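In the form predicted on its own, a lone chain appears below as structure tokens.
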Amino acid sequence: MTTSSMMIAMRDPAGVPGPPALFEALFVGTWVLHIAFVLLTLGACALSIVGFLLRERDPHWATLSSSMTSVAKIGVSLLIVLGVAPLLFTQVIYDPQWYASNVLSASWAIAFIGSLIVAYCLWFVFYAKNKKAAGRPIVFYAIGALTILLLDGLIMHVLTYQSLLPERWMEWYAPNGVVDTSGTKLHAIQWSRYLFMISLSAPAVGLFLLAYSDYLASRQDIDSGYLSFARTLGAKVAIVGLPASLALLLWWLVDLSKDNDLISHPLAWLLVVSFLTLFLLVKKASVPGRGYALLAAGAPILCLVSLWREIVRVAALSPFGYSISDYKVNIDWPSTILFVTTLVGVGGLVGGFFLTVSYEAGRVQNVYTASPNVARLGVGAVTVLILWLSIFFTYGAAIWVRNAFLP
């Protein structure tokens, strides 16, 4: 059996419930949301630690450390929730590669969940203890949490990278002809790709700080000197971080060129140009009132990175004749409609309600009172949630009754 036929045989015999291109587009799009919060969390963690260690030099560092600790705490929750969708789409159209890679490093794949829980617990302890009178030793909770989060990122990188190297699966499964079922090894790491992804956390948190200082500008109880401090720091972090990320991107492109001609792909150079453009924008326009625009300017880069990952994946698997376009399709309209309506209704309306309330509540000093429009949005969100739950359980019960009792 060839590698190509092996991957075809490992596909789900039930096929996919819709056009594979649709799932590919959803995979690329949802990964952007996931990685945005991964990068923000890592950047906020690092700034929290730095701010805590420098709090005696300037009280603004202490305030920033406390704020970024909260940002990271919320960010971990969101990155996990938003990480489910791209993970599921991977398993729909790239299931042979993803499962093979996970089995080859099964111990690490299983440890990922446990280590993520430990990291979150450590960060929560730091969040609870990060007060003015806190002793310096509590920073080790934060350092431990950040270290584990970086390790988790490395595990995800390895599982993804191994899935792009099917020609080496047998070598890893049975080195020297002896089967190794321990799953205790991380077989392949592409440091240029991993470090590039991690480096994006610097410009991400830098741009976030620019928007953060604009967001809090309407609060009379917040020192304007602190907002100026946050804005200046955000610009500096972004201005240093963007060239660093660009250098690592070029390293990754050179790495890729060893196996194929991806370095000449137009999107690769569009990525390079986008980094340079954003760098110039931040350098020239990081003034009050431009924070949201600069943060939004970073979003297209994440979209390009997500698209670039998919191009790299397709290029790696094409020599083996693997293409999602010939995946068996079994259209399942009820589940497809349920998914789309869930995305729009629950994700859009309910998620939009929470985002709106969070945004508006953070801009007032005292108790927040929702406007009539926000109140109506809340009623709509609850209604949609009840409707969705009713349809979900009714549909599930109908399937169960049909399979259990009808011929």
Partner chain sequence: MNIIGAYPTFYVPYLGSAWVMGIIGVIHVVASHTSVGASFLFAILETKAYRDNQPELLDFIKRYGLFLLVFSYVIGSITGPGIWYAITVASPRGVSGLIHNFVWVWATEWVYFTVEVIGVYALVYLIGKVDPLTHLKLTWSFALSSWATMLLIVGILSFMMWPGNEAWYETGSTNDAFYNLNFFAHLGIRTGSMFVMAVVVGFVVASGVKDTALKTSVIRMLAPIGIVGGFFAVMMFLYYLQTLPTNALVMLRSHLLPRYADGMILVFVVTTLYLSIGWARPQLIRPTIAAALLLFLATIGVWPEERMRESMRKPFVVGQYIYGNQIIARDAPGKGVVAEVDAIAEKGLLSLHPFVPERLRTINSDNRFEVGELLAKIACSNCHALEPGAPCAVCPTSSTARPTKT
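Note that the rigid core is defined as the largest set of C-alphas that superpose within 1.5 Å between two forms. Positions refer to the first chain, counted from 1. Keep in mind that this is a model prediction, so the values were computed, not measured.
This protein has a second form, the form predicted in complex with the partner chain, left out of what is shown; the following refers to that one.
J.: Can you pick the stretch from 277-285, 132-140, 232-240, 97-105 whose heavy atoms fall within 4.5 Å of the partner chain in the predicted bound form?
T.: Only one stretch qualifies here: 97-105.
J.: Looking in the predicted bound form, is the partner chain within 4.5 Å of a heavy atom from each of 16, 80 and 368?
T.: Verified in the predicted bound form; spot residues all in contact, yes.
J.: Determine whether any heavy atom of residue 50 comes within 4.5 Å of a heavy atom of the partner chain in the predicted bound form, and answer yes or no.
T.: Residue 50: no, not in contact with the partner chain in the predicted bound form.
J.: Looking at the partner-bound form in the predicted bound form, is residue 320 within 4.5 Å of the partner chain by any heavy atom?
T.: The answer is no: residue 320 has no heavy atom within 4.5 Å of the partner chain.
J.: Determine whether any heavy atom of residue 246 comes within 4.5 Å of a heavy atom of the partner chain in the predicted bound form, and answer yes or no.
T.: No, residue 246 stays farther than 4.5 Å from the partner chain in the predicted bound form.
J.: Taking any heavy atom pair closer than or equal to 4.5 Å as contact, tell me whether residue 290 reaches the partner chain in the predicted bound form.
T.: Contact with the partner chain, no.
J.: So which of 315, 154, 88, 272 gets a non-hydrogen atom within 4.5 Å of the partner chain in the predicted bound form?
T.: Going through each option in turn, the one that passes is 88.
J.: Using a 4.5 Å heavy atom cutoff, which residues in 369-403 contact the partner chain in the predicted bound form? It's fine if the answer is none.
T.: 369, 370, 375, 378, 379, 381, 382, 385, 386, 388, 389, 392, 393, 395, 396, 397, 399, 400, 402, 403, in sequence order.
J.: Taking the rigid core as the reference frame, tell me whether residue 385 has a CA displacement of 2 angstroms or more between this form and the one not shown.
T.: It does shift by 2 Å or more.
J.: If the two forms are fitted on the core, does residue 13 show a Cα displacement reaching 2 angstroms between this form and the one not shown?
T.: For residue 13, whose C-alpha is compared between this form and the one not shown after core superposition, the shift is less than 2 Å.
J.: Please check if residue 399 moves between this form and the one not shown, taking a CA shift of 2 Å or more relative to the superposed core as movement.
T.: Superposed on the core, residue 399 moves its C-alpha 2 Å or more between this form and the one not shown.
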